[in-house]
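We begin with a single chain expressed as structure tokens, specifically the form predicted alone.
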């Protein structure tokens, strides 16, 4: 008979075949009284439980999800539960960013001989879910539109790079070019007010290289396309972290990449720039001051101060200089103070769970499912086999509902856990301006708190936290049930 007297709720359990499923079977053989709310899915190992299983269940209407595996140091596959512990702990901290109460998810360890413990675990968790009640859905949440505040004063002087030693950089690139397939940089785009990627293969191509606040794109996104070839790349400070992360994951080889770097003085928020420029027929010219840039369109001058129109990420940037480079020129600007909480993350922090559900419902209704965020991300390297396009397994539908769109953004964020370098290209590429960077920032903060202030893209020799484990985790406590 069920322990709970109320109406059954929808609880999903992912149980390790070797221990926890055996423990549940032991409890059943002993005729231990258990709730009937739980629906068990048997998996080979808790290490096989992708965090996306939990998110998909919760977004699809489950009221709670329980994961149970072998006790640490007693895994049938030696270390599967050690990897699972890190991934599941990160997920538990991340769920509130979506507006999901993390009390609706729990993971624990139960051995095959612990039938009584299994009864205690499933009874306690089911009681918790009944106390919380049925999970609220995203589709029914009221609309809520909020925007992030302007970033605080920058940590360093912001400028246009007018005095950057660009000619010296061009000369250095020309000297290295004969040994390289190409050098990736920036050149003028369809008009003076925009830039586009440059793939310099000849010395005359290098003369097209430009440097300044219009060089917003992170060129590291192109590096995996040249895997196995010698290639050069011009980077800003934030771009260099993406290069380092690619090196960490062996997606490119260090001996194949020549990194050219100039200190970055900030880049313009082109969304706001284009909003001020409005509709125009022709760009008449562009002039760089020390701290501002003037763009002339249809005979009218528009002045853009870097202090006002720089990207928010540039205001809190602590690495204006490349963290790794082969050819470095120019003087690094002085950084004063510690990085503030990013604006998108602060926006999420200021909301409760109900408001976050409403916020993401509102934002996802604007989403076009164009996948520009995925395509612009330098760490999203499996786009030819992307889970959003796969029909085997069929993770996502092509429906335009809020839940499917949010699930994709959650997939992207979780795939970047411990890997996102905060370059902000996902949000910059979004044609409707959804602040999706907040999800990446939330999960990056979680990874830093759990794993010794780890930051992606800083140390080429470091192992990303979710690609490793420690037998004794310093910041992850074992789950106890009473």
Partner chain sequence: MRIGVFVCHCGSNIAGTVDCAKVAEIAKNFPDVVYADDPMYTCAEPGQAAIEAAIHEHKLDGVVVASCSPRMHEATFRRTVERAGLNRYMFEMANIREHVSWIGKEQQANTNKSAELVEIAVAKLRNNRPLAAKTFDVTKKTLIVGGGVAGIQAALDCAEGGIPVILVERESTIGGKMAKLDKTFPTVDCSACILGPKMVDVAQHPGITLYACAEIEEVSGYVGNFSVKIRKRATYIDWEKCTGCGACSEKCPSKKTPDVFNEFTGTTTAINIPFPQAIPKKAVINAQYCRQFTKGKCGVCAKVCPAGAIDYAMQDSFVTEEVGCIIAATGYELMDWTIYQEYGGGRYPDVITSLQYERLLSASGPTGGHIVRPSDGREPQTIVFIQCVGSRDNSIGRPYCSGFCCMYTAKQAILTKDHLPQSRSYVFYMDIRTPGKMYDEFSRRAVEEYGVEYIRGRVSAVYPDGLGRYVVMGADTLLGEPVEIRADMVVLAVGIEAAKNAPALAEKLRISYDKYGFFMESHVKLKPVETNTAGVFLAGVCQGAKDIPASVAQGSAAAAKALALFARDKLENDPQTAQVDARRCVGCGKCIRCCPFGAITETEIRNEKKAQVIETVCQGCGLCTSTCPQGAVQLSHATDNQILAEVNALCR
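Just so we're clear, the structure is a prediction, and the values are computed from it rather than from any experiment. Residue numbers count along the first chain shown, from 1.
Not on display, but discussed next: the form predicted together with the partner chain.
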Quick check on residue 446: any heavy atom within 4.5 Å of the partner chain in the predicted complex?
no
Against the partner chain in the predicted complex, would residue 25 count as a contact residue? Criterion: heavy atoms within 4.5 Å. yes
When the contact criterion is heavy atoms within 4.5 Å, does residue 45 count as touching the partner chain in the predicted complex?
yes
The partner chain contact at residue 174 in the predicted complex, heavy atom, 4.5 Å: no
Do all of 96, 363 and 455 end up near the partner chain in the predicted complex, with near meaning a heavy atom within 4.5 Å? no
The listed residue (181, 382, 225, 134) that reaches within 4.5 Å of the partner chain in the predicted complex by any heavy atom is 382
Contact with the partner chain in the predicted complex, heavy atom within 4.5 Å, among 386, 273, 231, 210 goes to 386
Of 97-105, 83-91, 212-220, 311-319, the segment with heavy atoms within 4.5 Å of the partner chain in the predicted complex is residues 83-91
Residues in 33-47 that come within 4.5 Å of the partner chain in the predicted complex by at least one heavy atom, in order, are 33, 34, 36, 38, 39, 40, 41, 42, 43, 44, 45, 47
